[in-house]
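In structure tokens, the next block holds one chain alone, the form predicted alone.
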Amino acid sequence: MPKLIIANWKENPVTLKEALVLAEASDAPCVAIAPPFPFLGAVRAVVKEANLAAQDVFYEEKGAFTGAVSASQLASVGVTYIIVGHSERRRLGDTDEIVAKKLRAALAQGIIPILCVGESREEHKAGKAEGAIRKQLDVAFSLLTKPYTLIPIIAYEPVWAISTEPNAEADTPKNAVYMIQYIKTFMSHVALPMLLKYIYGGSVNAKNAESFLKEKEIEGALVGGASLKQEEIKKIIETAYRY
């Protein structure tokens, strides 16, 4: 079974025409494409094998929330996965408590959440990575009071390794495996009968994909900038099928 690739396009590309070309290049059963909200329906119409993902969600189902998009609305257009807690959303104001509400909202609508957790550069340098991630996880799952049949995904996203961060540093498979093992151990003590899947999200590209995806602890990758380049994403998908 190939490893899961989440193609997070962020606020790209500029036009629908570009989006559809990129979607067709990324179309594979092991892929979930997360385009900007305006392109969701059109992307769904052209892909034959890939799943559809949303980059974010609001935690209320309906109401006077200008600009918000609910989990039920996303489900109605065929979204299978929702990214919650991405470092870029956290930087824009999503607290751990808000992330917890979004996680619950996704699960309540039968959508698989991709929960991003990870430490900052300062936390990493100070040896506080485990504590930072433990807090994020503890709060994120605090609102779930019942088991779900879905399998949530936890994406380890070391903020200091993301290529768009100032002075970004390359992560290593050794560190990624260590942190995912830590997350697994911590989650085994969470009082919630739920299976989980673990992927990596620290600037995966065509050159380093194999070094991360060959690790059995890493069940997939959350891919940002590289997912916007047709040849890059094709190579990453090919790598996913080898492991």
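Quick note: we count residues from 1 along the sequence shown, nothing fancier. Note that this is a predicted model, so its numbers are computed, not measured.
The discussion below concerns the form predicted in complex with a small molecule, not included here.
Of the candidate stretches 22 to 30, 40 to 48, 171 to 179, 202 to 210, only 202 to 210 has residues with heavy atoms within 4.5 Å of the small molecule in the predicted complex. Taking the partner from elsewhere, no residue among A34, R89 and P113 has a non-hydrogen atom within 4.5 angstroms of the small molecule in the predicted complex.
Using a 4.5 Å cutoff between non-hydrogen atoms, P13 does not count as a contact of the small molecule in the predicted complex. Although the partner is absent here, S76 lies well away from the small molecule in the predicted complex, with no heavy atom inside 4.5 Å. At least one heavy atom of A161 is located within 4.5 Å of the small molecule in the predicted complex.
The small molecule is not shown here, but in the predicted complex it comes within 4.5 Å of a heavy atom of G224.
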